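Okay, here we've got a single chain as structure tokens, the form predicted on its own, with questions on binding and movement later.
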């Protein structure tokens, strides 16, 4: 199966019509050697530079959030005015460079065992993801 077929399948399973614009969004997200972190604004800038298609901000938002809801993207909310998304949906940790507002992946093997002492009745831990803030 080629990338375009994969993108069409991903879009349809997310409840979206596979339009030219949405296929361009998929290319920007998934035709890369490495996973990456982005904001909606970052993705909009990438698409304006690389795509011949005119893609509205609403289409970008709808596609990104539909993918997030299907676990094709991970949302990383920080205590800032920015929400980041990650094409790496596995459980993993991050450095946040506060000078450049850049997220950098940390492998699980880069972090020692984490012990959570508090429990919430009726709830179980789904995952643990650590954000390490760094600066100059």
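A quick note: this is a predicted structure, and the numbers were derived from the prediction, not measured. Positions refer to the first chain, counted from 1.
Only in words, not in the display: the form predicted in complex with the DNA, which the text now covers.
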Heavy atom of residue 15 within 4.5 Å of the DNA in the predicted complex: yes
If we define contact as a non-hydrogen atom of the residue within 4.5 angstroms of the partner, is residue 62 a contact of the DNA in the predicted complex? yes
Considering non-hydrogen atoms and a 4.5 Å limit, does the DNA approach residue 57 in the predicted complex? yes
Using the partner position in the predicted complex, report whether residue 82 sits within 4.5 Å of the DNA, counting heavy atoms only. yes
Which listed residue (40, 89, 111, 78) meets the criterion of a heavy atom within 4.5 Å of the DNA in the predicted complex? 40
Relative to the DNA in the predicted complex, which residues of 95-130 have a heavy atom no more than 4.5 Å away? none
